[in-house]
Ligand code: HMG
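Just one chain is shown here, as structure tokens, and it is the form predicted alone.
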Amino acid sequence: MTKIGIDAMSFYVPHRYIALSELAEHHGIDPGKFSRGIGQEKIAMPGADEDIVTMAAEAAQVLIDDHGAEGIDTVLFATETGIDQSKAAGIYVHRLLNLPENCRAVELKQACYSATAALQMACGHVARKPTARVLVIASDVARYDRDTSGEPTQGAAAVAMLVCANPGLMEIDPETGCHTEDIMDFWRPNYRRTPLFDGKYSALRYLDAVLSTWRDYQANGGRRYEDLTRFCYHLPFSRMGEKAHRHLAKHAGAKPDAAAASDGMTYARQVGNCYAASLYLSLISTLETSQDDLTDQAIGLFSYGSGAVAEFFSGRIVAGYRDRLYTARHADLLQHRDAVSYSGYTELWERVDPRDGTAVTLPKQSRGQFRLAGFNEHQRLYVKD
């Protein structure tokens, strides 16, 4: 049976952030409420000329540079912060990356879950056509109303993955466990810029979904708990992943091993919530920050999207995986960022795109090679510098 999975993956974050200690000082609360209470340190923030498209292109370009575009016949773009009600964000990325014309490009949405749907769809496509490669991208900006409980769980990032046969990074197991239920724990009507949510209810449904997907995964022939040496979780904030891991371990009759999930939280603490990209940022974090050689090790992954859809699946790390990582590049991205003050944060937060079709030219602020250059006649204008 042909092995199918992730051949390479990379992420991109904007070069601005606000430290949660700065947010805590403004609100007059103990910074430990954020650093210890939710396990977060920074919120990544895009500038005026950055959005889900530019972040996606930045994350994907390094993969194209190193592995080429040959054989890529599908682009699957997962996001819950789409920029158009009709046109897929992946079409802009397709042009910016100069991908083959004979290629499909679509956008997928289901809160923070859709990148997992994209990954599974990509594996299914490659199973039908083993010579094909699929570019899967998850890119999101998590934004909540200021002075709410969701404010410290904001963030922004994009993750790009190449999916193919005989992958060089991680083979995806065919067994999965799924869960869907119609609940209102988090949602964003078309007329709102920020979501509505019930944080406590959402956390409870998240934990219930962990067990529901795990039971289905086991029923479908998935690996035993003790055969999984690392776990990655969707991380709206790091403490949620810690709670989920303890919850799953208790259900499985195992002693919770915090180290089995902790590496996956390293990058999330520095970036914040990035919705659809969150689980896969956790996977990259696990592979790049673990001191152990994970060759031939099995990793369990839990994906959750409010509303709600969830999935538990697993994969095996391939020999030579470290040669496919971008550890130094990612470390450079995280280390060389600019902190913004609270006033700088509010300025970025309050900025909105024009809605009347007038021409607007945006000055270059991003450090990447892709940017949103402006707007004209209700069109977004993207360029590669």
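The structure presented is a predicted model; accordingly, all values stated were derived computationally and were not measured. All residue numbers refer to positions in the sequence shown, first residue = 1.
Another form exists, predicted in complex with the named molecule; not displayed. Remarks below refer to it.
**Q** Using a 4.5 Å cut on heavy atoms, which of F313, Y267, Y92, Y206 is close to the named molecule in the predicted bound form?
**A** By the 4.5 Å criterion, the partner-contacting residue is Y206.
**Q** Given that the partner is absent here, does S202 sit within 4.5 Å of the named molecule in the predicted bound form, heavy atoms only?
**A** So S202 counts as contacting the named molecule.
**Q** In the predicted bound form, does S238 have a heavy atom within 4.5 Å of the named molecule?
**A** Output for S238 is no: heavy atoms all beyond 4.5 Å of the named molecule.
**Q** Taking 4.5 angstroms as the cut-off for heavy atoms, does Q120 touch the named molecule in the predicted bound form?
**A** No, Q120 sits far enough from the named molecule in the predicted bound form that none of its heavy atoms falls within 4.5 Å.
**Q** Report whether the minimum heavy atom distance between W214 and the named molecule in the predicted bound form is within 4.5 Å.
**A** W214: no, not in contact with the named molecule in the predicted bound form.
**Q** Using a 4.5 Å heavy atom cut-off, which stretch among 94 to 102, 273 to 281, 220 to 228, 160 to 168 contacts the named molecule in the predicted bound form?
**A** Selected range: 273 to 281.
**Q** Could you tell me if all three of D30, G150 and S306 have a heavy atom no more than 4.5 Å from the named molecule in the predicted bound form?
**A** Spot residues vs the named molecule: full contact, yes.
**Q** Relative to the named molecule in the predicted bound form, which residues of 106 to 132 have a heavy atom no more than 4.5 Å away?
**A** The stretch touches the partner through A111, C112.
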